[in-house]
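The data below hold one chain only, encoded as structure tokens and taken in the form predicted on its own.
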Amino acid sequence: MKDEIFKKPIKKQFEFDESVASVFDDMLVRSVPFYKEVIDLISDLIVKNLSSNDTVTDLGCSTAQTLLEIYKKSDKNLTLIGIDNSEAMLKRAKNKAKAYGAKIDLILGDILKESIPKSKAIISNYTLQFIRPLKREKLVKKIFNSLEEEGFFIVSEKVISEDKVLNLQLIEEYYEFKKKKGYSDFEIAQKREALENVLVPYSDKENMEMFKNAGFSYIEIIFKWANFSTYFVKKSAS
């Protein structure tokens, strides 16, 4: 279904309810630059770096698209787990998993409160940015503690530039991207207003410092476009 949520005046802040879940896959492709390519890269790296019986946990899994890509690419007996606090999202995730015959354990819960299974790989795609800063730091530490030794965390985020002029220019580039994908100026403005104080992005430097402070020893940006970044963050053996 095509995302037309913001064609009408908004009445509330952005939330992952039924109206968003119904158009979410289209929203991602048209709102996140190179979304399909990023998911392709992430799923490739996970399959290459894991062994049979390893566990992959996706925090904020939404409709489970990343986990499905891993399932389709891997011939290993991986345990795939998705956690999300949106019942509407998980309903669609279950239907998609069923259609592909994929065994994915889907958990309805708040990632701040839910226990994260011991995992070799943990994913968080465009999710940390919705966590309040003080709680975000604690969550990243929780993720670090939930990873096995030599495990890794792959996280994608919308980011800000520390240069104010450049930051505005990158935002303009992003809006032009959305216009090319069919969104109107009105829709872009409406969504921006709905996300105000809901999505709080960090800079690349702030994100990397947060990962380091949590205990991660290796941090690399593996994808970058304007104000979007994907990081590969590794936990070394102690």
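Residue indices: 1-based, along the sequence shown. Nothing here was measured: the structure is a model prediction, and the numbers come from that model.
The same protein also has a form predicted in complex with a small molecule, omitted here; what follows describes it.
In summary, among the residues 110, 162, 105, 149, the only one with a non-hydrogen atom within 4.5 Å of the small molecule in the predicted complex is 110.
Site annotation in the predicted complex: the residue of 47, 171, 210, 28 reaching within 4.5 Å of the small molecule with a heavy atom is 28. Proximity of residue 74 to the small molecule in the predicted complex: non-hydrogen atoms within 4.5 Å are absent; the residue sits far from the partner.
Among heavy atoms of residue 129, some come within 4.5 Å of the small molecule in the predicted complex. Of the heavy atoms in residue 167, none are within 4.5 Å of the small molecule in the predicted complex.
Put simply, residue 79 is far from the small molecule in the predicted complex: not one heavy atom of it is within 4.5 Å. Segments offered: 202-210, 175-183, 65-73, 47-55. Contacting the small molecule in the predicted complex at heavy atom distances within 4.5 Å is 65-73.
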